[in-house]
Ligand SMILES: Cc1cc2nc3c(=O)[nH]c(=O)nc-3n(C[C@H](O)[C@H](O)[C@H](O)COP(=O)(O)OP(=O)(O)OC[C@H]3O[C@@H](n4cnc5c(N)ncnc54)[C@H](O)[C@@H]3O)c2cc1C
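Single chain ahead, written as structure tokens, the form predicted alone.
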């Protein structure tokens, strides 16, 4: 125990699912506080992907761009519950071949197959992960009819007979439990910096964003769960220098909207289905089905009354890629991100767009569009016109909701700024627990896998303290 006022055994920076999973374990062993820069946001299914939630719960209020050609819109949560509060609650395990790659190429130690399997089960139990019975929309029904493999994806939470999801976010599971056991959770509080004193105690500088006051707390241990965009900057400020620190990966995605005026409306805000037959090079899934979002994507505002946007469904094509972007870690441009789409990922995105167009046309959609262009599917469109539509789509809508691997773990020092345990060798009282620690792109939604790594490494961290 640190014998100072405002002192703790464990300070966790970041309240995303990884930070909360870690903080819950730590709080059972000592005095713990969790620091969150963002606010509390509503996180029921009806709240996700609303303008209010996006503007309040995302980094940059939803405007978070990696500079490149084309630029990439990145989605990162900044609120109590982090990404689990603002995303679609879909749950994926990283494939076996990805874990094999991490063990072989990155020399990841302490994550044997049985251990990882049991840890996935533990995370799935914590977040009540299961597949529901919601009916697939006309898009996925048609995809199956033409021979595409459509997979029902489990979600964090419980689905009722009407397809409504009772979401199990990190906030819902842990927030009150942590408060009740004496853990403090400060939101709207920004982490500024930290340094260790001569007694190996962390002096942590914070800013109360409501009162505009800077203050300091002390801790025997510091846990960083700030996310892939900010954790590398904090590590660089702590003195870590490594050529791969801040080199992030994403899932490049392009998005389109399909109009189905005669079809039954989707039962879910985000349908828990994906077309996975082209995995791991391509995955097609649903973006949020919200009338106001669909309307904002439509490029021609002067004839907007011609479409009933409640009958529009939004989809993405995602091409997992190991292409790296770069975060500027110091200087006046600190925090700036750069990412350039590689030719292979672009090829697969174009294949995905062609497949979405094919399915939409077969399902009798008269119109498909994105923010820059429309495609009338009742016309006999030339290959060049379709290709122009797809090229425009990639340029106008390139995005990623998954940012990862900017502080990779493993024993291969060429690729990994951190060791397998999520630590800087030689600093025993610092632990990293967020998506930045993924060794590389897991080819699927990384949320569950980053929680597994956080769970395993926090348990290991505590065992070392005994």
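Just so you know, these numbers come straight off a predicted model, no measurement behind them. Residue numbers count along the first chain shown, from 1.
Keep in mind the form predicted in complex with this ligand is missing from the figure; the text below concerns it.
A.B. asks: So in the predicted complex, does residue 15 come within 4.5 Å of this ligand, heavy atom to heavy atom?
C.D. replies: Residue 15 belongs to the contact set for this ligand.
A.B. asks: Are any of the heavy atoms in residue 191 no more than 4.5 Å from a heavy atom of this ligand in the predicted complex?
C.D. replies: Yes, residue 191 sits close enough to this ligand in the predicted complex that at least one of its heavy atoms falls within 4.5 Å.
A.B. asks: Consider residue 35 of the chain shown here, and say whether it contacts this ligand in the predicted complex, taking contact as heavy atoms within 4.5 Å.
C.D. replies: Although this ligand is absent here, residue 35 would touch it in the predicted complex, with heavy atoms inside 4.5 Å.
A.B. asks: Closest heavy atom of residue 76 to this ligand in the predicted complex, within 4.5 Å or not?
C.D. replies: Close contact exists here: in the predicted complex, residue 76 approaches this ligand to within 4.5 Å, heavy atoms only.
A.B. asks: Name the stretch, out of 413 to 421, 22 to 30, 35 to 43, 65 to 73, where some heavy atom lies within 4.5 Å of this ligand in the predicted complex.
C.D. replies: Of the stretches listed, the one contacting the partner is 35 to 43.
A.B. asks: So, a 4.5 angstroms cut-off on heavy atom distances: do all three of 129, 272 and 443 pass it with respect to this ligand in the predicted complex?
C.D. replies: The answer is no; none of 129, 272 and 443 reaches this ligand.
A.B. asks: Considering non-hydrogen atoms and a 4.5 Å limit, which listed residue (283, 360, 165, 86) is close to this ligand in the predicted complex?
C.D. replies: Residue within 4.5 Å of the partner: 86.
A.B. asks: Just to be sure I understand the contacts: of 248, 156, 139, 259, which is the one whose heavy atoms reach within 4.5 angstroms of this ligand in the predicted complex?
C.D. replies: Of 248, 156, 139, 259, the residue with a heavy atom within 4.5 Å of this ligand in the predicted complex is 156.
A.B. asks: Since the partner is left out here, which residues of 405 to 441 would have a heavy atom within 4.5 Å of this ligand in the predicted complex?
C.D. replies: Sequence-ordered list: 434, 435.
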